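Heads up, the chain below is alone and in the form predicted on its own; it's given as structure tokens.
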């Protein structure tokens, strides 16, 4: 569980840089998830601040600094990416995320092959088939809990297919992934890792030395620097893949569909021009980023006018890059014709998210097939949308309603009738 206590600011931290802000509880009264972060950015605070929450850490509030911290491994190491450093950070030292270049490259290559555009193209038909099946499962009901009925189904089921793990294990693994990204206090970080290791150890043993073509088998039997992975390395790599694959896309889909449910102009534009959906997703990614990660300061330095000390943590909220008015004018508006789209939604530098293409593909297919079947929909009347902060923000529950049209042409997008 993240720390609920605060610590006094160290002597080298100027009092003017201290802000009472907890990344796990960022929501402000009467503001949604992104507006809460935006309010922090639009305040009179300096561009680099320090918070006493979660062990105490620095935080950057501008897009250019978010990009810089995420990509400049000569000053900001990937060794620790979560706060609090001593608990979450220690437990989440996984491969390849916790390695800096060039050491991370061989491990990254093993992971990336399973999520490359070529690999994703092989499951695109399965993504579309499952998307259609899920939508048709509730379309004639005129309502659904999008979070449970779709967002927690499509990306996780597809991911479980990619890694060849039983669907029956999905709830257990999703719960563990959530305890890293949005801890609810039911398990300590060290126990989350132990449970992941206990799960993955027999999988590694079973698949070691086989010619399996699934993503985990290929990683487990891969090589780094011409040598086989150790069991510990294989476990680290597999756990990193599981956490990434079971959480981020689920929550991004929730934010996208909440927006479309509330904005009839946007959804009608995409429904009328489905060929533009792929381009529109980049703007949606800019507007609805949800990841907040950190880096460990490598050495004492002066950074943007403040003294950073070796070993301190500095957090780079990807949310604040896409919402930065200095890089994206009218940042809270969604503009599918925006000429320049600047964001760090999928990270920056050597650790840019390897699953970005899969995320874009699943989002594109969802919007295509949903709007072809349910072009008009809204959030259920009277329901209050709530959010949860953390390493990955989320829409907690999203009930949608629509009028049923049983005679709509249901030919899948891109398929000739």
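Everything quoted here is computed from the prediction, not taken from an experiment. Numbering follows the first chain given and starts at 1.
What follows is about the form predicted in complex with protoporphyrin IX containing FE (HEM), which we do not show.
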property: Partner proximity in the predicted bound form: residue 189 to protoporphyrin IX containing FE (HEM), non-hydrogen atom cutoff 4.5 Å; result: no
property: Interface membership of residue 104, protoporphyrin IX containing FE (HEM) in the predicted bound form, 4.5 Å heavy atom rule; result: yes
property: Contact label in the predicted bound form: residue 343 to protoporphyrin IX containing FE (HEM), heavy atom within 4.5 Å; result: no
property: is_contact(residue 248, protoporphyrin IX containing FE (HEM)) in the predicted bound form, heavy atom dist at most 4.5 Å; result: yes
property: Segment that reaches protoporphyrin IX containing FE (HEM) in the predicted bound form - one of 127 to 135, 261 to 269, 74 to 82, 191 to 199, heavy atoms within 4.5 Å; result: 74 to 82
property: Site test, 91, 176 and 183 vs protoporphyrin IX containing FE (HEM) in the predicted bound form, non-hydrogen atom cutoff 4.5 Å; result: no
property: Heavy atom within 4.5 Å of protoporphyrin IX containing FE (HEM) in the predicted bound form - the one residue of 241, 331, 234, 320 that qualifies; result: 241
property: One residue of 359, 371, 65, 49 in contact with protoporphyrin IX containing FE (HEM), assessed in the predicted bound form (non-hydrogen atom, 4.5 angstroms); result: 359
property: Partner contacts in the predicted bound form for 289 to 312 (non-hydrogen atom within 4.5 angstroms of protoporphyrin IX containing FE (HEM)); result: 290, 291, 293, 295
